[in-house]
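Let us start with two forms of the same protein chain, each given on its own as structure tokens and named structure 1 and structure 2.
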Structure 1
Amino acid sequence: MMRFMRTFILSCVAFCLAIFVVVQNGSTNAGASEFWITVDSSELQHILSDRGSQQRSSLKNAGVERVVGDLAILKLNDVQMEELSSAMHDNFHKCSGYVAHTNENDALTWARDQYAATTESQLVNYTIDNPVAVNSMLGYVSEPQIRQTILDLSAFPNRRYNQSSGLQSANWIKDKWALLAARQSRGQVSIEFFNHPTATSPQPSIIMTVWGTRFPDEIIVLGAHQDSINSSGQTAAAPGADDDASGVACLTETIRVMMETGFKPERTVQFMAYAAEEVGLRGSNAIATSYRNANKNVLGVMQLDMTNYRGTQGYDMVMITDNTNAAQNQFLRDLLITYQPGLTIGNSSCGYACSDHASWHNKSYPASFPFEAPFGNDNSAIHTANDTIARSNNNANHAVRFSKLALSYIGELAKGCVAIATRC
């Protein structure tokens, strides 16, 4: 009976949403780029049913093509996606709240894989036995360095994927990482743009690779998204200090420490600054899809998205438990207990594909998402002009913990040695 009722309710959702297509006669903005999206069907229904909003008239011309599980699949143009992103933030405090796909088949595959992907698969035995290397690196983590990167990135007018300042900030990140890599003379570091079709994102993603000395085909990924957004408009100020300059700053500090200490990983480590996360995980989805299509052996993925605002519920860090891998989440908890004892660690969940970890999880790669606070107790200023470092008392103390977690993750999952501590 419960299965029947679930099917009946979802069918009603699809039918009711389709009615909007029949009764609305507004413009469809046919000249704009179009994407297929996957989005929670009940939340979409709530938004489309809000007849009181005059700001989303274009979105109300949308019609659901099908419903798979809890996800609605439909085609939207850029204007409609902008309206949906704003509505998701206003109604549910969600970052975009949907995933964008280049075609219907990709959307359908995502929806089906979302329910097939397991949170229990374990591709590697997790061990914590490399304290010399890890502790050597942890001592180099610098709060002023992290803070300065946050300030530098939040100084751009915005880092939106389709604005000139979004391209400028992408170049800034790539140049910054290249400058840090120049300290490592052994020729096993590369930095490149992962270019997306212009309709997907004029802003490229950035990938820095530190090749493994023993197992170069085994890959560890650490990611953060580089773009920022203001829900009030495309050209509005979006400093995005917490969301997600803080995550990129943690990656940058991790890179700096690796280069400074001469850490040589046995497995390949890749740092990724994803484009266009705020408009449907476009950058990470493209990369994860290409890695899966190439059958690349990614043993673990860690996402850093919002790391510098400490909520008020007494947790230093929480593990997001949905769209993540349970075994790797426990590994991260063990790393925190071992290398940052005394921190209070909790669990939380987003209830949707809330950041780039979901792109990897959807492709059955083990992904984890350590987060700054219990979901809903995080930084309420995101997607506004007020997302500045002032929200974190003008320091990067909270982000230091995430940089140290990233270094311990690399040291114990990629393994390897540091030149400053051993003959490496």
Structure 2
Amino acid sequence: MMRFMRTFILSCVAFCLAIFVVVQNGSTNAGASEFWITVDSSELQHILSDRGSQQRSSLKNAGVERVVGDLAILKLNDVQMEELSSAMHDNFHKCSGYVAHTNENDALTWARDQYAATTESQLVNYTIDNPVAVNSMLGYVSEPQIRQTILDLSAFPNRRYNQSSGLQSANWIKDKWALLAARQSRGQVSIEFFNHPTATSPQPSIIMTVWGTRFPDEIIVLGAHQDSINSSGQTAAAPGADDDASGVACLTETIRVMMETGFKPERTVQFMAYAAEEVGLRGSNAIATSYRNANKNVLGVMQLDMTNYRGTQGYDMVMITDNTNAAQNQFLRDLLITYQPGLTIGNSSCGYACSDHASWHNKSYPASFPFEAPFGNDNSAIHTANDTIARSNNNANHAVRFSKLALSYIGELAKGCVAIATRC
């Protein structure tokens, strides 16, 4: 009898403890990851309506705090964010479609800045008159180099912002860039982590700076996001070969060629591998906001996100026309016509803040987003375990064009000279 009582009491204690742990986990999770979201208000209305809801119970409890311009602002927990992602995916074929902010004030500022940002301003008098430097660099671009970086990055189980492998991949990129920079002992290059608050992203962003020889305060930014995601789960395999190892690989090749040829820019060039893009543009938003607050003079931004899947509609590249700067987009088309004649170039648009260029555009910096294929004809395997280089026939031929565009952008916007061709 005593033995039975003891077993009964012990079982009760164990059961209650188990319940306590479950409840604790549930509530700490929800509490720790609440974010303020900005999202297209008519799309959100559709999702919250009966037709769009499809039993997403926890979203029903989310109240829209306010609407500014086209954007609704609301506070969501982890579960609600997941539900909104899948609803956006099912209803509008977007991967998540919203931008995440740590507090209400930041969300409001984003919505107001988005309303004020224009695609029509022109900061720079664009010229194309530096062919010796540009053509020397273009001759060095190597497809096997880009391919290898894509393979190396997609070999991580995932590069998710909150997984240990996402921290390892951040270190890998920083070390790789540092190694390339070490070939140039000019003291004009620095590489640093840009750390984020842990709740925003345990994964740091990475910034490499090549200081300008004449106008060090005038900055040109080239960026790609380092994180990857599998929409079916936090720990699921996310090779992210196209999205966006391909963009980081193009930046890495651009850096390698600059270092190899001894290119010295007149204006400062910064390469950025953004953290946590896939969960609401968090890394780039933090950086663009800090640059605007410090009144930094960024003359141009280029985003490379998905560069290695050609699509089937016959385009070699398209310019994304929303959340970008029209004058700089034209400059990029002119660069392509001059330095890569024969390419078929189109226009396309995302219809929402689909990548990190939007963070810079939001802060009224001129941003461009040259993209792999017309929107909708791009790589349909992104955010799955199948986003591997096999989708691009195991080569990086398409990505080569984007590295060449990046090098011509640097040569003609930062200006400067190459040691191998001239006294420099």
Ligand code: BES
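Numbering for residues begins at 1 and runs along the sequence of structure 1. Please read all numbers here as calculations on a predicted model, not as lab measurements. We call the rigid core whatever largest set of C-alpha positions still superposes within 1.5 Å between the two forms.
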- Message: If I had to pick the form predicted together with this ligand out of these two, would it be 1 or 2?
- Response: 2
- Task: Determine whether the C-alpha of S42 shifts by 2 Å or more between the two structures once the rigid core is superposed.
- Result: yes
- Task: Answer yes if the CA of Q80 moves 2 Å or more between the two structures after aligning the rigid core, and no otherwise.
- Result: yes
